[in-house]
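Only one chain comes next, encoded as structure tokens, the form predicted alone.
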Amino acid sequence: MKILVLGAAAGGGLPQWNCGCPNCEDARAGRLTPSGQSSLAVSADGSHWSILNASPDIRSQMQTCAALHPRSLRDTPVASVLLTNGDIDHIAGLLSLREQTPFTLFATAEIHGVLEQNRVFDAVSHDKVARREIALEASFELHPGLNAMLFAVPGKVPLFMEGETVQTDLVGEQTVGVRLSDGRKTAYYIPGCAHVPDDLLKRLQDADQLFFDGTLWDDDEMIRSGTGIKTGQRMGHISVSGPDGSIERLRGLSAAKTFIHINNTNPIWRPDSAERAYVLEHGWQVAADGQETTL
């Protein structure tokens, strides 16, 4: 199984267009490597590929990834796209895939419902793009030789669907993780997760590779940095650090572990930071655009 990181950042990317935080300023100046918004490409055979989450940066992500280039006049090696939630940073890229080339779009019924409620996504032709509803805990084929299964993780509805009251630890079809297997190795992709319950920890015991939500270093990071008014928990994301953070909760896993969906304010972007050193010391990697993993 081959896995390519198309984008490592959370919504807005690094640098974010309207952000002057130190990380974004350093990314603009070339002192930090810029990153697109969270997405993976995965293949069981190096010929067929599936994209996990279609970020707004998908056009440039595919342009810089030779494995995803057309092989003839009108063609794509992308057999399918899979969505893990209805957030803008995971669905907006579908609009860049509207040029009448077939692929299969996999998602839960609830996530498909988000697309159906927004008529702009009708531009992605139903005649060319087969929309398949996937039930939780049901194995299905993403492309020949690569099986997947979706499972619920704690999360919330997309920002543009929030009402006056927001539950940030919903468990259902609105936020899912993905288990990937080629029959030999197993990988998991969980770019959004509000906390790690015991049943999720148990599920991940068979992982050879885990890509996991690394949005914020700690819960009040955006408030403290002056870049926002919400905590990580309010946004539906677990912190990297702390007694209930992902490093501590997942420390018993034998899998190779990589943080992805990293907010522009997160200090783990900085190679010389104490936070990055802490992550590495505890057996984690920080995803980077273009990173390749072979299992």
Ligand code: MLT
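The first residue of the shown sequence is 1; numbering continues from there. Remember, predicted model here, so these are calculated numbers, not experimental data.
Keep in mind that the form predicted together with the ligand is not shown, yet the notes after this line are about it.
**Student:** With the ligand left out here, work out from 85-93, 163-171, 99-107, 136-144 which stretch has heavy atoms within 4.5 Å of it in the predicted bound form.
**Tutor:** Among the listed stretches, the partner-contacting one is 85-93.
**Student:** Whether Gly11 contacts the ligand in the predicted bound form should be assessed with a 4.5 Å heavy atom distance threshold; does it?
**Tutor:** Answer yes; at least one heavy atom of Gly11 falls within 4.5 Å of the ligand in the predicted bound form.
**Student:** Any chance Leu159 has a heavy atom within 4.5 Å of the ligand in the predicted bound form?
**Tutor:** Yes, Leu159 lies within 4.5 Å of the ligand in the predicted bound form.
**Student:** Closest heavy atom of Met235 to the ligand in the predicted bound form, within 4.5 Å or not?
**Tutor:** Yes.
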